[in-house]
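Here we start with a single chain on its own, the form predicted alone, put down as structure tokens.
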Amino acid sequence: MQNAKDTFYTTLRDRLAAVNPARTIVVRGVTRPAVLVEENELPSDAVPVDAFRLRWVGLKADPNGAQPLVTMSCEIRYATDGNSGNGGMDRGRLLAGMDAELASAVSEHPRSAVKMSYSAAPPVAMGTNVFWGDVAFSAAATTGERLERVATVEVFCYQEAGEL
């Protein structure tokens, strides 16, 4: 499943960077597209704003068929405090912009990618694809001055022989 998670992340990251190349984040001194996988980052109490944070929250496997079909749930969390120049009064507009960016990246065709193994450099194409469904948006929530949302995408893949 790690290969499918990595493949979905890199595909979503690249698509979000194409939709809005200006949305970047600095992590440990490196500027990169503002997409993080929480399990791959150093633990921190700080919640980055104006960035998409992926969290894998569900997993189930259907063993019927030639290869087990794995379904994973990916939560995508994002938040904004708004622009300080506007006193944060534009946070609804900024959250709506992030909603549109995410919807565009997830719904772009094809809704699949060749599953890649990133355990070696360069990455190696595997024999199956990763594919995903529509994005489901929760209601926006307010925490102090921050406006945030959780979106969920179901990601599917076939587990290949020898794959963890």
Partner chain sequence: MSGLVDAVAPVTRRVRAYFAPVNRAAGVPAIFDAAQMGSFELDVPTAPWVDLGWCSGFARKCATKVAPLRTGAPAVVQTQVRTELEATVSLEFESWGKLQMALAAGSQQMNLLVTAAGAAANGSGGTAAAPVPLVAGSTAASLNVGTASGSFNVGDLVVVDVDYAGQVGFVGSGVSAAYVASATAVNGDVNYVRRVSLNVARVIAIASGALQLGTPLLAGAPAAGMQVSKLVGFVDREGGGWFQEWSALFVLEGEQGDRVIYHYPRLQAMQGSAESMVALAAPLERVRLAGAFRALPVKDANDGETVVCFRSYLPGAMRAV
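Note that the coordinates shown come from a computational prediction; the quantities given were computed from them, not determined experimentally. Positions refer to the first chain, counted from 1.
Below, we refer to the form predicted in complex with its partner chain, which is not included among the displayed structures.
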Look at the stretches 52 to 60, 108 to 116, 34 to 42, 92 to 100 and give the one with heavy atoms within 4.5 Å of its partner chain in the predicted bound form.
108 to 116
Any non-hydrogen atom of V70 within 4.5 angstroms of its partner chain in the predicted bound form
no
Using heavy atoms and a 4.5 Å limit, would one call A125 a contact residue for its partner chain in the predicted bound form?
yes
Exercise: A66 in contact with its partner chain in the predicted bound form, heavy atom 4.5 Å
yes
